[in-house]
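Below, in structure tokens: the form predicted alone, a single chain.
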Amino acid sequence: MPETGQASSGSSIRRSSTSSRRKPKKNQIPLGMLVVVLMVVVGLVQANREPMLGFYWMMGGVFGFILQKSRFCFTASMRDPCITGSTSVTRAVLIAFAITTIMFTAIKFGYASMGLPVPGMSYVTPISFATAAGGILFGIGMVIAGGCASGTLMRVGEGFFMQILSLFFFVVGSLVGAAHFGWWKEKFIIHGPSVFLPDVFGWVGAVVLQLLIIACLYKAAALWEEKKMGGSED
């Protein structure tokens, strides 16, 4: 018993000495305030040159802050259910899809009801094998790089070298893809059918159908997490 007490006291002394040697965390509030001031100054300078530049600068900072604090990333929404079983980010993405479905449908329907050209129709592109192949390749690249476009930009701001490297090749790949997109479009993309759901199911039917699909995916994600996380606890 005395030996045990001495061992426990010795280990506690080592832990306390180790904790005492830890460097205190630096106060980053002054640095953060300085960054905010610099962002405001740059935004005012840009706004004087062109009002929209100041607006874009402000919105970029706001989105960056939200991304960094929420850890919102499309890669994590697809990767985490397979690796950790967590679907919190997956469900957040699905909620975002549901909100944007309603909002964009309202905008498009407003234009259509007034007889105006529906905005965004240039993004209704043909669906073909190229769509699936591109999605799979991009998904593999996102997992290897550790982030999607938004997640990569957010982590570049945090100073991660891996994401800086990923961003560089992201830009290079985008430039190469844009230079050769005409060939891919002519040979593969344009041969598939283009589907605009309101043309098939009507505006209300298209919204209801898409929201039902999102709701089913949300429920499946919740059940998946309950199964995986519950099984890991057992």
Partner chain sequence: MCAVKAFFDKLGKNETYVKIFKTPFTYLTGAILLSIFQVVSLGATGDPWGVSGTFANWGAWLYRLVGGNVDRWYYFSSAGAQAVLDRGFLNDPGTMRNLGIIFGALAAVLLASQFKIKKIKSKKQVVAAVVGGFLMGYGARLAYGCNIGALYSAIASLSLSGWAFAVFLFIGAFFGSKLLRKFFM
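On a predicted model such as this, the values are computed, not experimentally measured, just so you know. Here the rigid core means the biggest group of C-alpha atoms that line up within 1.5 Å when the two forms are laid on top of each other. Numbering follows the first chain given and starts at 1.
Here the subject shifts to the form predicted in complex with its partner chain, a form of this protein not shown in this document.
In the predicted bound form, residue 214 approaches its partner chain with a heavy atom inside 4.5 Å. With a 4.5 Å cutoff on heavy atoms, residue 69 counts as touching its partner chain in the predicted bound form.
Taking the partner from elsewhere, residue 100 is found to have a heavy atom lying within 4.5 Å of its partner chain in the predicted bound form.
Interface membership of residue 191, defined by any non-hydrogen atom within 4.5 Å of its partner chain in the predicted bound form, is ruled out. Looking at 169 to 207, the residues that come within 4.5 Å of its partner chain in the predicted bound form, counting any heavy atom, are 169, 170, 171, 172, 173, 174, 175, 176, 177, 178, 179, 180, 181, 182, 184, 185, 189, 195, 196, 197, 198, 206, 207.
A movement of the C-alpha atom of residue 204 falling short of 2 angstroms is seen between the shown form and the other one when the two forms are aligned on their rigid core. After superposition on the rigid core, the Cα of residue 53 moves by 2 Å or more between the shown form and the other one.
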